[in-house]
Ligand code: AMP
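Next up: a single chain in structure tokens, the form predicted on its own.
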Amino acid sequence: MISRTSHLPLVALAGRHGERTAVVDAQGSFTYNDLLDASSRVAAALLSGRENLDEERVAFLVTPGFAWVAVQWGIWRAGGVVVPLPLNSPRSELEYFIDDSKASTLVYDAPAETALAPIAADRGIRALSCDQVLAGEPAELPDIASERRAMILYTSGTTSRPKGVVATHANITAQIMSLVEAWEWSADDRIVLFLPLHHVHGIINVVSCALWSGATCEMMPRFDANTVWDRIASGGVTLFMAVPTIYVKLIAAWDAASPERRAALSKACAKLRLMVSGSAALPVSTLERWKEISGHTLLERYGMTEIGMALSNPLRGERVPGSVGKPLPRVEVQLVGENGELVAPGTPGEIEVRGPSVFAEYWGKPDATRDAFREGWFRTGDTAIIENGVYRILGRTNIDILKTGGHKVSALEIEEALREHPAVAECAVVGIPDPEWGERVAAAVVLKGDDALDLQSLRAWARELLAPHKLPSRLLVLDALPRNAMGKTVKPAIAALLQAADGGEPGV
């Protein structure tokens, strides 16, 4: 008989849920007991007679589904540190994550074998298939202290190579508990997962919160708008979490449907108890359109790899469009100026966060870890302002806060205004270095259909919404904005495109 006991809170709680359905994937339905048994087998296979992996890193590339969770839990139960690898990554990126984390073992399913097996062979790293680890024999498993390292997730790396963000088991537990309390997760919940499983959004907010609560997580290998709409329409789903680009795609699919199907989809959507948007700024126009379709005011929240979630609009109560609400339970947040001083109410400042959910370190980078904190507070690099008691994100301090002609302006504020233009489908605003102004406000836009737009007409139109120093003086029309796996626009890439195009059209 395989041991189902564990001192890890997430795993220990699963024992209470027994025969409830934990995961549904393309292979079928799996109970919490199935998950406990499978993860115990994985742990035994990884240990291979040893008592403890002692924080060895185990990198894995597995299609989202029951096996993914079993491998993650199995690594934890063996005393290892999980390093989830992103699907569809080029070999060079996989090699970087594996080499940087100094992974001692690679685990992969059949679709990932051709990607990982050669990397393992070149480095002499132990490589195990999902079939091998899931066939492990029962073994005594170690007790794992909450202070032990549990997971390394790699950040986007917009200005340098990605850094490995290390979370302990205690950090992960705190992140989960905060959201379970704030969003009132229960065993009656059912959620659909289609988000990447190498980010906090999918791993913590969806999968881990669901399994902590005894809920059911339906895991899809990839996102497809019509498939997701079909699942919502069939009933049973109670929560939904996505990034803004997903909502845009769902809106497009709804618009393309017949009137009868639209009515059925909207009716089904209205039955969900909560719909959340995060990982990127949500345009107010998208929020309003989604409310027209679904009846839901999307709950916006704020977080990042290093802190989990920190701010959230309320589950019950008014949700302010364009804001990210207030601090979550057991999370401390403050806004500070350039010298670390607390800013006055109504004044923009950098977000700093403190609490048990904040990460432990950047893997192998003590200097970067030290520089990321100020007197125990994590410096997020994001700028916000408190308006009427709630936080509104103004953008990344070094990317979205432009300094032009002595003025500090928010790129996100300008983007929100430009989206109101009838020809603009999407846009991103960046600062371009300028010897006279410090930075020029530059906009990259994606247009609707066959519409056309030039800088002079855009500036003339925008004067009704923006102060003169906020008007774009550079314009570049693109077929699509460069984005990362979570749907965030990659602003350094946009800035490079604008500069390569000689700054677009000259300003006035």
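Residue indices: 1-based, along the sequence shown. Source: prediction; values computed, not measured.
There is another form of the same protein, the form predicted together with this ligand; it is not shown, and what comes next is about it.
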Is the gap between R301 and this ligand in the model of the complex 4.5 Å or less for some heavy atom pair?
yes
In the model of the complex, does K163 have a heavy atom within 4.5 Å of this ligand?
no
At 4.5 Å between heavy atoms, is Q175 in contact with this ligand in the model of the complex?
no
Interface membership of T305, this ligand in the model of the complex, 4.5 Å heavy atom rule
yes
Of V353, I191, V430, A281, the one that lies within 4.5 Å of this ligand in the model of the complex (heavy atoms)
A281
Which residue, I232, A210, I393, A411, is the contact with this ligand in the model of the complex, using a 4.5 Å heavy atom cutoff?
I393
In the model of the complex, which of 336-344, 220-228, 82-90, 198-206 comes within 4.5 Å of this ligand (heavy atoms)?
198-206
Listed by sequence position, which residues of 463-496 have a non-hydrogen atom within 4.5 angstroms of this ligand in the model of the complex?
K488
